[in-house]
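Okay, so here's just one chain, in structure tokens, the form predicted alone.
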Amino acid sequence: MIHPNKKRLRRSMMFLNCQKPGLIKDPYIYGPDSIMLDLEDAVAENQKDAARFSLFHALKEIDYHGVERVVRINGLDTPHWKEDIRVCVAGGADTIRIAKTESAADVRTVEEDVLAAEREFSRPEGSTLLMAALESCLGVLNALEICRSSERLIGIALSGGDYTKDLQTTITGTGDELMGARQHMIMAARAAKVQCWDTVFTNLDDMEGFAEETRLIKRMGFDGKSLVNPRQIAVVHEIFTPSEKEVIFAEKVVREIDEKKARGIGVFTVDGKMIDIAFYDGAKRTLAMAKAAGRYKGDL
């Protein structure tokens, strides 16, 4: 059975340092689709236990008002990831993000420990979802096998900083150095019918650059973007949510295709544009996204 939240709306996924309780107590007020509670890079090596303690109590005691709670665990090459998983499952995290994923075997290794933790803490088996962060050339090249690795996997996310380091280049701001990875990951995710998220944009003084990059990755087919600051949420949501004009056009396309198909007509025009059955799924996706974002009240 497909987990009911596997395909939920995830336009924005905001990173928060579990080492700082003040950051994780009420981030839902900013309205992100998901929050990324970070046990990995943001947490100092000698503070991992303290961060896990804060995480557990946040998951158990804070009402996040429907915002998805994703936890980034430490890499499989560290001594921390097993205890990270136990705390995530015991606390009831919605999703676990696997850092530095390079193969399907990495996902299955985490999945085994998640299942063991669900049994240990009497959580429903299969209730904890997974996502994989691709942070190396090998991980990107193995994107398709990673996407197909587990029924728990909701999708893959690009980590641009580590990826460009492995590529032996740097983040330039042009997006040139990320284009190959982005397109490859999108194709893999779509082939496996999972979601795909872009990397963070760290220059908070360049909001126009951030908006331009967000429009780019939306055109490429991404489902959303990882974020580092609440200021970025509104920009992402505006770009990734269908406009009123797009919703009206999609409604017309669905209605006309349903009507014309029943009459045996295969090709016709809507608002001067040539339309056929190939447009149907895209129009339905537009309406589904608008409905999930609260901009469409009709029936799908």
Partner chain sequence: MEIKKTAVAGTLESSDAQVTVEPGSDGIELLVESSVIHQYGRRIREVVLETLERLGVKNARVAVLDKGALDCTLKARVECAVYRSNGMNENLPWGGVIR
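The model shown is predicted, which means the values in this text are computed figures rather than measured ones. Positions refer to the first chain, counted from 1.
Omitted from view is the form predicted together with its partner chain, to which the following refers.
**Student:** Here the chain is shown alone; which of Glu177, Glu83, Glu145, Glu151 has a heavy atom within 4.5 Å of its partner chain in the predicted bound form?
**Tutor:** So the residue touching its partner chain in the predicted bound form, by this definition, is Glu83.
**Student:** Though its partner chain is not shown, can you say which of Ala50, Val270, Ile265, Ala234 has a heavy atom within 4.5 Å of it in the predicted bound form?
**Tutor:** The residue from Ala50, Val270, Ile265, Ala234 that makes the contact is Ala50.
**Student:** Among 288-296, 5-13, 18-26, 275-283, which stretch sits within 4.5 Å of its partner chain in the predicted bound form, heavy atoms only?
**Tutor:** Single hit among the candidates: 18-26.
**Student:** I'd like to know whether Ser54 contacts its partner chain in the predicted bound form, with contact meaning heavy atoms within 4.5 angstroms.
**Tutor:** Ser54: yes, in contact with its partner chain in the predicted bound form.
**Student:** With a cut-off of 4.5 Å between heavy atoms, is Ile62 one of the residues that contacts its partner chain in the predicted bound form?
**Tutor:** Yes - in the predicted bound form, heavy atoms of Ile62 and its partner chain come within 4.5 Å of each other.
**Student:** Does at least one non-hydrogen atom of Pro124 fall within 4.5 angstroms of its partner chain in the predicted bound form?
**Tutor:** Result no; Pro124 lies far from its partner chain in the predicted bound form.
**Student:** Mark Leu130 yes when one of its heavy atoms lies within 4.5 Å of a heavy atom of its partner chain in the predicted bound form, and no otherwise.
**Tutor:** Because no heavy atom of Leu130 falls inside 4.5 Å of its partner chain in the predicted bound form, the answer is no.
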